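Before any questions on how it binds or moves, here is one chain, the form predicted alone, in structure tokens.
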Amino acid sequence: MAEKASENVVYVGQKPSMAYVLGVMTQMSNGQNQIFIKARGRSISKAVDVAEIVRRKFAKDARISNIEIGTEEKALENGQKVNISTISISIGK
């Protein structure tokens, strides 16, 4: 997940789920055929919720084509290293 920001990527964080659903739907209405929903750590469950809301409520023809999971290693200020889980969900028409 260390790539530059692309216009077909929605990064999930602390906002309400519907804010990210709106982002995904905006991408779809702008002609994007494939959108990547990405999250790290505690936001992973919210990313799954966003994908499912889009697929079940708003874009019934949308399909989840790929899910990638991984782990990033991050160094804290005190020098300690921690692992952070990541997810990337590819959803498209």
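Since the structure is predicted, the reported quantities are computational estimates derived from the model, not experimental observations. Residue indices: 1-based, along the sequence shown.
Here the subject shifts to the form predicted in complex with another copy of the chain, a form of this protein not shown in this document.
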{"property": "Distance check, P16 to another copy of the chain in the model of the complex, heavy atom within 4.5 Å", "result": "no"}
{"property": "Interface membership of R42, another copy of the chain in the model of the complex, 4.5 Å heavy atom rule", "result": "yes"}
{"property": "Heavy atom of I69 within 4.5 Å of another copy of the chain in the model of the complex", "result": "yes"}
{"property": "Another copy of the chain contact in the model of the complex: N83, any heavy atom under 4.5 Å", "result": "yes"}
